[in-house]
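A lone chain, given as structure tokens: the form predicted alone.
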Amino acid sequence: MEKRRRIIDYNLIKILSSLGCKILRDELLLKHCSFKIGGPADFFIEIPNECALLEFLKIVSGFDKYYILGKGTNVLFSDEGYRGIVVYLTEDFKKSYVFENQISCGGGMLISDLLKTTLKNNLTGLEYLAGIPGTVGGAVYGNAGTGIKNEWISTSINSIEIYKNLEKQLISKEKIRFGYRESELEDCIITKVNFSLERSIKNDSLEKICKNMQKRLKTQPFNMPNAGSIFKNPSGFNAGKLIEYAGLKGKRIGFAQVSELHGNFIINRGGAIAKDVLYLIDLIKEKVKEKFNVNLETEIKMIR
């Protein structure tokens, strides 16, 4: 989400600070993403509740350039950083409430914490999310899931609370278009997600979660900084297999390398910069197109 840039002045910082916001100037974004890549943002602001969020939106509306960050697990920040404000939702946005088979959770809640809540309350339906990093809001925005047996997070959503154009809205799932790794929530800030799940035997859910985690641990490079799948799967193809068959597993540019474990992951071997990753992405696209006549589309978000 971007707006025209304006420098935040001392008075605005004072207002936001009084509302509980934590404001950092020239904060390195490599500290806030799983790729461990990225230069400084002009401002990095942690917002703890809806009151502070609304005030922030009033202050910056129409002027400042800002980006709402989840856990930073599918983004690549520029080496030059971000000329504007990066916003991170904390505290109230990480809480959840359970009523019978309904879970209402903040957009900033970690997926791993959401799964702990489902286990604690004997609810089932989201086990396939095990091992997917990031926040609930980010997962909903990108319609996270496996695609197997229609396992997308959108299938369990009842409604979503968002802020758009300074207005808080509650939207039912039926009014939102979800697709493969996408939604039409581009210009929205997801503050709360309401799920409808099913009752289960706790042991069955735990077994499913453990099975999904073990599968991901065997097939994905969890031990190295990365941003998850780099490319979407083209229709009828598996992006990771195409990259593997193109002979690109292990290909390295600078300190960025195509994972030898999974072709659709690029890892940071320590000290990689965004330029290394971008060169590698372009090379992969070129070689896959050349060999298979398939165009790969990036899944990660490149933030400049």
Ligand SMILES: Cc1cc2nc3c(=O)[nH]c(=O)nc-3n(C[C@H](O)[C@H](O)[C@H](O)COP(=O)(O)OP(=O)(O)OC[C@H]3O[C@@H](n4cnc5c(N)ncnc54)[C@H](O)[C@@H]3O)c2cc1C
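So that there is no doubt, residue numbering starts at 1 and follows the sequence shown. Note that the coordinates shown come from a computational prediction; the quantities given were computed from them, not determined experimentally.
Separately, the form predicted in complex with this ligand exists; it is not shown, and the next lines address it.
Peer 1: Heavy atoms within 4.5 Å of this ligand in the predicted complex: which of the stretches 200 to 208, 166 to 174, 94 to 102, 70 to 78 has them?
Peer 2: It is the stretch 70 to 78.
Peer 1: Looking at L114, I85, I157, C188, which has any heavy atom no more than 4.5 Å from this ligand in the predicted complex?
Peer 2: For this set of options, the contacting one is C188.
Peer 1: Mark N268 yes when one of its heavy atoms lies within 4.5 Å of a heavy atom of this ligand in the predicted complex, and no otherwise.
Peer 2: No, no contact at 4.5 Å.
Peer 1: Is there a heavy atom of L119 no more than 4.5 Å from a heavy atom of this ligand in the predicted complex?
Peer 2: Output for L119 is no: heavy atoms all beyond 4.5 Å of this ligand.
Peer 1: In the predicted complex, does N233 come within 4.5 Å of this ligand, counting heavy atoms only?
Peer 2: Contact with this ligand, no.
Peer 1: Is there a non-hydrogen atom of S34 within 4.5 angstroms of a non-hydrogen atom of this ligand in the predicted complex?
Peer 2: Yes, contact at 4.5 Å.
Peer 1: Any residue of 211 to 237 with a heavy atom within 4.5 Å of this ligand in the predicted complex counts; write them all down in order.
Peer 2: Going through 211 to 237 in order - heavy atoms within 4.5 Å of this ligand in the predicted complex - the hits are R216, Q220, F222, N226, A227, G228.
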